[in-house]
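Take a look at this single chain, the form predicted alone, given in structure tokens.
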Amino acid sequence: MHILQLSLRNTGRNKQRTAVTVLSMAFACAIMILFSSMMAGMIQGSERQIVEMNIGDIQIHPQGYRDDPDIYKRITDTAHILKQLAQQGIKATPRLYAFGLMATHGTSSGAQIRGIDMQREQTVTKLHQHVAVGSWLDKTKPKAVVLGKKIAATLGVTIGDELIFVGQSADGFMANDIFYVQGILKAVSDGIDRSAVFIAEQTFRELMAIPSGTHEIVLRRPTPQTDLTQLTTQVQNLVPEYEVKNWKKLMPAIARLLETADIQSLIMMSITYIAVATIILNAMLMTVFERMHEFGIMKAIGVRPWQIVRLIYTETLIQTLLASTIALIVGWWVANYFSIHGIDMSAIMDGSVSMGGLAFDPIWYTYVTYESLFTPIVFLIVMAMLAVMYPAWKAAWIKPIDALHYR
């Protein structure tokens, strides 16, 4: 008996039944491809949000600065370090920090002033693309500031409003000046949202009487594929007198959460796969049990049980491969669409969602990988082969007389 030829003929003979079976499996598989891409997008998007919005891949600080952010603890040879990093293809930006009081219209709030190098900062982070209202800092406007979302709400200010800063400069005198609001950021992180006020580096130096040195240098990997641990060691060897930590050390709770995200994804996908398996099992049972009379006649004319098993498995494999092809095309197209346009979750997330004090964009982007495309297909094939095991055994070993009267 020519199993393949007979399987192809049987598959095409009952077009309606074949279409229902194939489309059921294709729909289930396409859903799994989309779900896998969403989970991959969540993991990648979380790390991208951490690195690109503020933290960077690696940070350099004076020893003890993170435990005690003293204005007098500074990296003194900033220019030399930046030059060495640039020679190795590592993008970096210096930052300065100070604390004080920001006031307007009878309202005041504690603020963390952040002096940034506008040109370098844009090569390391994407804060300049995260402005909700107004615009990012402009080197032609030294008195302009950009505020975090929550501190702007606390002060009750909008674009163009005046702000008065009062603090203590590094020379021991009073630091005070008048600024105006240039922009207000979207949700970034709890620290930035509540207290951050961004100003130009030169303005900061003049205000706080700090002519040289920086409190922090933020680095970004040359490529996403660059090994983070190895690069951290490389930078530490470059500046042994300073503290060098990557984002995983700076935010250990989120790092551990993302490290276990694959396991969480596997658990969630397993639950989804179990639900999908019922669809496949139902389709396979329908396909085989509807043809019990046919199998009974085949056995009556001398077809052996294992030949029937091979026939059923070959037909199932043909239908599964056809369903996989449809699912791959549809699933890839849908996942790729949402990787560009994203899924807007703001309606159920109230505009933003945070994890470990870090705010995430409510637009959920998928991330298409070979694993997200082909793991569901492999699962579909395996599941179909397992699902057809019982009906194939039933059809192979049923007695011809029972098959003819089977209901």
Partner chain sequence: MYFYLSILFSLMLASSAWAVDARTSTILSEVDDLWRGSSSHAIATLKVQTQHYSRTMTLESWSKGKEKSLTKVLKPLREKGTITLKSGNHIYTYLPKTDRTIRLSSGMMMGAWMGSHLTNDDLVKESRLEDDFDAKITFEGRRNGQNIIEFTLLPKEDAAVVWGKIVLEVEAERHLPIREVFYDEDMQVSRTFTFTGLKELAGKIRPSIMHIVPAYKPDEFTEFIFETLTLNVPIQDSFFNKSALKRHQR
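Numbering follows the first chain given and starts at 1. Please read all numbers here as calculations on a predicted model, not as lab measurements.
Not pictured, yet referred to below: the form predicted together with its partner chain.
> Does its partner chain get within 4.5 angstroms of any non-hydrogen atom of residue 296 in the predicted complex?
No, residue 296 stays farther than 4.5 Å from its partner chain in the predicted complex.
> So, residue 171 and its partner chain: in the predicted complex, are they within 4.5 Å at any heavy atom pair?
Taking the distances in the predicted complex, the answer for residue 171 is yes, it comes within 4.5 Å of its partner chain.
> Taking any heavy atom pair closer than or equal to 4.5 Å as contact, tell me whether residue 329 reaches its partner chain in the predicted complex.
So residue 329 does not count as contacting its partner chain.
> My question is simply whether residue 178 lines the interface with its partner chain in the predicted complex - judged by any non-hydrogen atom within 4.5 Å.
Yes - in the predicted complex, heavy atoms of residue 178 and its partner chain come within 4.5 Å of each other.
> Note which of 118, 300, 164, 309 lies within 4.5 Å of its partner chain in the predicted complex, where distance is taken over heavy atoms; exactly one does.
None of the other options qualify; the answer is 164.
> Of the options 103, 131, 239, 228, which one has a non-hydrogen atom that comes within 4.5 Å of its partner chain in the predicted complex?
Only one listed residue qualifies here, and that residue is 103.
> Among 95 to 103, 214 to 222, 118 to 126, 81 to 89, which stretch has residues whose heavy atoms lie within 4.5 Å of its partner chain in the predicted complex?
The contacting stretch here is 95 to 103.
> Would you give me the residues of 64 to 99 that have any heavy atom within 4.5 Å of its partner chain in the predicted complex, in order from first to last?
Residue within 4.5 Å: 72 only.
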